[in-house]
Structures are given as C-alpha cells and as structure tokens.
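We begin with a single chain expressed as structure tokens, specifically the form predicted on its own.
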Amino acid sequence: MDSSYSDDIIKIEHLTKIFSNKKIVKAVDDISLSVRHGEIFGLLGPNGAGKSTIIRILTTLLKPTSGKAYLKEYDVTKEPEKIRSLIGVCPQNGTLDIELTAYDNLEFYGKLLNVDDLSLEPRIWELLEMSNLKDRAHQQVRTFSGGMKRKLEIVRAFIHKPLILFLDEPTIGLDPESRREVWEQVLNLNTHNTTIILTTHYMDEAERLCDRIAFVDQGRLISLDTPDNLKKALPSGDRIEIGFTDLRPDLIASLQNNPLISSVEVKGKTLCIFSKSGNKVLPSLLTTFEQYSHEMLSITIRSPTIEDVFIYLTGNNLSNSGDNSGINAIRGAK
C-alpha cells in the first residue's frame, strides 16, 4: 500500500447486531476497527463468525442494533445514499446475466448506477481491457469460464469508480490459474487508490493480497494486524521437522537446552522443533546431530502461516465455505 494513503476511510465503533427469532443471536458483538484509505483489508473467520453481517451493515443492507459505522464522513444508517455512491460490491454468488454479452452486462450495470452516457462506453472498454476480456466483449457470458465470469463481475462493481470495493470470496470455486488471474486484477484495482475489503477462506489469498487482516470469531474481533506481525506473534515460531531412525534421550535434552529453541516434540520418527528463527538455529542443529553421531533422514523448515495464527487464536480451522451467518439470521427473523 502507498504510504500516502494512511487516513481512515472506514471507521467502526462498538458495532453490534442482534437477531432475534426463537433465540437471540449476537452476530456482531461490540466490534471497533478502522480501515485505511488505499489498503486491501482482509476480514477472516470461520462460518458464522459474523463477516457477512459486518459487510451487509457497511453496504447499507442491514442496520446495526447499536454502535456506529462511517464510510468517509457518512454514517451508514443516516446517509445510505451517500454510502452507495462510494462503494462497489461483488457478492459471493454470481449475479451476471449469462444470456447477455460481457459488454451488455457492463452497459446495463453502468446505466443502473447512472454513469454518464458520454463516459460509459470508453469506461466499458477500459474495464474489458483491464480484465483481459476485450476480445470476448460481444460473446454471451454463458460461454465464459468461471474465472472469466468472476473477473467480469469484479470490474462491473468498479464501473462507477468507487472509493471502496467489497469483494466477498472472489475466488471461491476457481482453479489455481484463474485464482492467480483474479489476484492480479485485485492488485491492479488497488493501484487506482481503491480501498478493498476482502473476505476469503483461502489463507494464501489473504497473505498474498492483504495489507492488514482482521480475525473475527463468534461475532467478536480477536486480532488485527499485518500478516507478518500476526505470524511473528505466534509463540512457537518456525517449525523444523527432522526425520530419523534412532534418537537418544541425551540428544533431545541437548536440543531443549538450546536458547534458540522454544520447544521439542517427537512424533513417530519425526522430531519437531520450534524456534523463533529456523534459519538461525539450523547450524546448531546440524552440529548437535553430528556430535551425537545421529543421521538426519530429512529436514524441512516451515514458517508460520495465517492459518496457524487463526488456529492459535481460536483453536479452530477455517473451512473452505462461505459465511452465511447474517443471511441465515435474517431469514430466521422473517
């Protein structure tokens, strides 16, 4: 992110959303955070965490039970029309008209958003170029691959040059190549000084794209920082796995006394060593094994991932399915 865009464009203050039907469901529980102008901000959490509810509030589709949310200087509950002029939304479920062409989909959406007629056509061609779909402009969307459809949906949400773009699971169900193409598109949109709010269950996607990540669980904000700082906060650090045939207890004791090592575990024929810096501890590991005349069958070093951070914070794995907590609660409340 360009350091010149450091002002907050979204502010959330003690936001709470409660749904009530047969039982009370607190989908969002006293969350406060801010999003900086120009950053890609990740909103991560398991199913039912409240991510979708937060997005629906910020995009004026839901009113909070209590608390405040502002986009720029506008209150989401008091000035919804102002908010809608600032934002673009690409939902998780596809909303393209597959019987129309790519050009026609963009034109129809541009007219809905009152894009000026004189600027609409050049804007459509600009977006088709941006999404590498210019040569497919006049082909029906039903002939497109999943990745092509997703890229078209993303640029469609950008047709009126919004300041803030909400992307809900933008690459779910796509093959690896299509995912990378969407990543490139998201990064390209971000260079237009667009703030992007991203929800995803793919941890590699969050690490690749996001300037900062907010973890949400059971409606509460549990951590917010850059991907690097989140990983550095893990007490275990890097994980080093060494395969062996035989292991003497005195070698393990020697490793446990190494100040660079935080813990040592034996799992079957694998020695698991945790260190804040795997690269720094590696030479001493080799020396220790040589001193005790032990052979290493294999050795791997794995740095912490965002998935590791989330498991550490919550004790849960993230699943690869969408968060429908807000939608389900709304349905239940009707």
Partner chain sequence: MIGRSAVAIFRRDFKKFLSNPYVILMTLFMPIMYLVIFGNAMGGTITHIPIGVLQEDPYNLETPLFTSSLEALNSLHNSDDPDLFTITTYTDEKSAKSDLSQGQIMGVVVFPSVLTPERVVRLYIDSSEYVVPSLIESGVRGAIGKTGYQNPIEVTNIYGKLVYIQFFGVGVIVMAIFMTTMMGGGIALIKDREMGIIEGYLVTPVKRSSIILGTIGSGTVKAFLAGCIVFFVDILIAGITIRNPEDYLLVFLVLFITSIGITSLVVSFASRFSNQQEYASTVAFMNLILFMTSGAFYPVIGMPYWLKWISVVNPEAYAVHALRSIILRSQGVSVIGIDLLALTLFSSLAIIIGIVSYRRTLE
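Residue numbers count along the first chain shown, from 1. Treat the numbers as computed from the prediction; the structure is a model and nothing was measured.
This next part talks about the form predicted in complex with the partner chain, which is not shown.
Looking at A137, you'd find every heavy atom of it more than 4.5 angstroms from the partner chain in the model of the complex.
At least one heavy atom of R56 is located within 4.5 Å of the partner chain in the model of the complex. The closest non-hydrogen atom of I87 lies within 4.5 Å of the partner chain in the model of the complex. In the model of the complex, no heavy atom of E126 sits within 4.5 Å of the partner chain.
Judged by heavy atoms within 4.5 Å of the partner chain in the model of the complex, the contact stretch among the candidates 118 to 126, 252 to 260, 98 to 106, 212 to 220 is 98 to 106. Proximity to the partner chain in the model of the complex, taken as a non-hydrogen atom within 4.5 angstroms, holds for one residue of E73, D228, E81, D246, which is E81. Though the partner chain is absent from this view, in the model of the complex it lies within 4.5 Å of a heavy atom of just one residue from T305, T60, N47, T288, which is T60.
The partner is not shown here, but in the model of the complex the stretch 100 to 125 reaches within 4.5 angstroms of the partner chain through a heavy atom at F108, Y109, L112, L113, N114.
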